[in-house]
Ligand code: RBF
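As structure tokens, one chain now follows by itself in the form predicted on its own.
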């Protein structure tokens, strides 16, 4: 995403240093078990289900792992990181993860995507010695895997709520848009219904116009979908389509519509057009869980769920561009709803 270009440049500069050291150690592997105080060089592979550049969620994943390794190394231990890009063809991901596991080059493979639990469960059956850390997914009971799932119902609810509030402010039809890259279980079963649920909490007449790009990169098609939604009277669109989001936000800016961003702070992408950012604290999660592994404290076999109260799901309210884009009345209503989630008055189990 454009807003992360400076961050991405810095991230890549650091990752190249780790890439070089990891290649030197390729094939050396590391001992399993307690990672703390053994004197072993720990090799961590970060599998990106897509490409790193331009994907803020995966940039945060790699950065969080890197930060943990740097801190661990500062205490006199040794650890190395290698980032592997899986590309956009999901059919190839299992093969690529299998190659990583078969190489015995990594004590731990880290990744993040709702599709990875099924893939990793299959790979783990063939390579039971390989350990995995998965974010944004759930797989319980596999002794080689720790997973942490974000409550994306809360995330989508907050996005739907602000989309409906702003639509009401614009005196628009009670319809909001959602443009997604693809259909997948979390999108169909959690994000889409959660987005609608949030909108209908504002007014139960709201409906969602749902459209698919078909991939995570076609900004032209995403822009065409956005233009069609706007022509049909949709004033606010949530986009969950990777680098194709650029087509949505550019079209919205040209046609006077608004956009809600997902997973990262998007207010800087098009100030005034992006009016909400429902985010995941992916970098913090990757750092914390990787550090737990390096200290020998990661509970493999366990699946944990985290949300707003844990600090890993949030809606960005303190950005001055958010305050400039919306009226006080809209921001105040959004803030009150978020406080209800924090307090436990509004319970939204993640499914």
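Computed from a predicted model, the values in this text were never measured in an experiment. Positions refer to the first chain, counted from 1.
Keep in mind that the form predicted together with the ligand is missing from the display, and what follows is about it.
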Have a look at 267, 106, 146, 262 for me and say which one sits with a heavy atom within 4.5 Å of the ligand in the model of the complex. 262
Among 271, 193, 172, 114, which has any heavy atom within 4.5 Å of the ligand in the model of the complex? 114
Using a 4.5 Å heavy atom cut-off, indicate which stretch of 152-160, 218-226, 198-206, 71-79 touches the ligand in the model of the complex. 152-160
Would residue 242 show up as a contact with the ligand in the model of the complex if we use heavy atoms at 4.5 Å? yes
Does the 4.5 Å heavy atom contact test between residue 88 and the ligand in the model of the complex come out positive? yes
Can you tell me if residue 57 lies within 4.5 angstroms of the ligand in the model of the complex, counting non-hydrogen atoms only? yes
Just to confirm, residue 49 within 4.5 Å of the ligand in the model of the complex by heavy atoms? yes
